[in-house]
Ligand code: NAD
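The chain below stands alone, shown as structure tokens; this is the form predicted alone.
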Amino acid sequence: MKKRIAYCGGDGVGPEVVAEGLKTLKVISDYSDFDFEFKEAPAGGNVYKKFGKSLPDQSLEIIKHSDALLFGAAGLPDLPPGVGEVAVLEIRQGLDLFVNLRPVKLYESLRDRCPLKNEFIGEGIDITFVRENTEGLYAKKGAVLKDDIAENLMVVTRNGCERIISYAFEYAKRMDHSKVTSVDKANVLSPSMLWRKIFHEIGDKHPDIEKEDIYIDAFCQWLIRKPDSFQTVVTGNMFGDIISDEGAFLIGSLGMAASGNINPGKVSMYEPIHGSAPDIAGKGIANPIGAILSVKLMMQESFQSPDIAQLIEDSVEEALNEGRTIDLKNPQIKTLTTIEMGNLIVEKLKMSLKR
């Protein structure tokens, strides 16, 4: 099964972790029915410095003609905020990647790394945030920036709400989740009132799944007090940005968190959420697991291969018992470099694929 994968290391630690993600994909290509072809699509802050544009037209064309994109990170400290990062927003908007999928899972071996007390962790943390990715405040509709006034309009549409909420319910079914939680601010915001109305219209078509609504402020504290009560969580663009980052801090390290920017059935982008981390770039200590688990999402969502996706996750969990990067340091477990951590996971995946 031939598939074309575009890749972009980007800035900071991005190239280091993307290299380990590509290594994972190459093993899958060698030991399964998939035949991956790779092509680089440069973007980000370093590209901006060379060409005056963070997403060159040629890179966007490469991405458009691929089946998926593996992205590292964008942004440099010596550039104004947003200059490098705009490449990611342009890809999201240009490809209409309306789903931002953010799993937050605390592996049992990392339970001691969670900042919460055991009593709050409960039965464990395994949440998937489904964030609307193209509308709301981040779409910058009607944006105004002057010396004495700044405005952004929070615009949501019925179509935008319907497609992301429908995706969330379908995702919950695929994952055997029994509940979908909607996060909004319907007691104050008109866009949230429309969102909640559509959530229940679509929810009524799924009588086998439990539905609940929670205001954003209440959800933020329940995510800390009782994270094991959530499974699939669907919300709008800005709220999703906030709560998915909050959730990522509960799983041991930002380096563990993966994401997918998805348009079902079309080219989609997968990336770790840790950012460019320029302070550790080039030191060989970045955690590649977020990038490798982003490959897991790619296999699961773009290539409809849940079995291989599960093998990747199993390999990560097994590897964590033998070695960890410094962000997950444990005196009883060997500390590994970025490349060593990637190699350990890939070797375990290779053994699983050979069976």
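When you see a residue number, it is the position in the sequence shown, counting from 1. Small disclaimer: the values here were computed from a predicted structure and weren't measured.
What follows is about the form predicted in complex with the named molecule, which we do not show.
Peer 1: Against the named molecule in the predicted complex, would residue 168 count as a contact residue? Criterion: heavy atoms within 4.5 Å.
Peer 2: Residue-level check for residue 168: no, no contact with the named molecule.
Peer 1: Against the named molecule in the predicted complex, would residue 327 count as a contact residue? Criterion: heavy atoms within 4.5 Å.
Peer 2: Contact check for residue 327: yes, within 4.5 Å of the named molecule in the predicted complex.
Peer 1: When the contact criterion is heavy atoms within 4.5 Å, does residue 92 count as touching the named molecule in the predicted complex?
Peer 2: Answer yes; at least one heavy atom of residue 92 falls within 4.5 Å of the named molecule in the predicted complex.
Peer 1: Residue 76 near the named molecule in the predicted complex, any heavy atom under 4.5 Å?
Peer 2: Yes.
Peer 1: Taking 7, 20 and 295 together, does each of them reach the named molecule in the predicted complex with some heavy atom inside 4.5 Å?
Peer 2: No, none of 7, 20 and 295 comes within 4.5 Å of the named molecule in the predicted complex.
Peer 1: To verify the annotation, which of these, 203, 275, 191, 160, has a non-hydrogen atom within 4.5 Å of the named molecule in the predicted complex?
Peer 2: Residue within 4.5 Å of the partner: 275.
Peer 1: Have a look at 119, 176, 279, 208 for me and say which one sits with a heavy atom within 4.5 Å of the named molecule in the predicted complex.
Peer 2: None of the other options qualify; the answer is 279.
Peer 1: Considering the named molecule in the predicted complex, find the one stretch among 179-187, 251-259, 193-201, 211-219 with heavy atoms no farther than 4.5 Å from it.
Peer 2: Stretch with heavy atoms near the partner: 251-259.
Peer 1: For the heavy atom contacts within 4.5 Å of the named molecule in the predicted complex, list the residues of 41-65 involved, in sequence order.
Peer 2: Nothing in this stretch is in contact.
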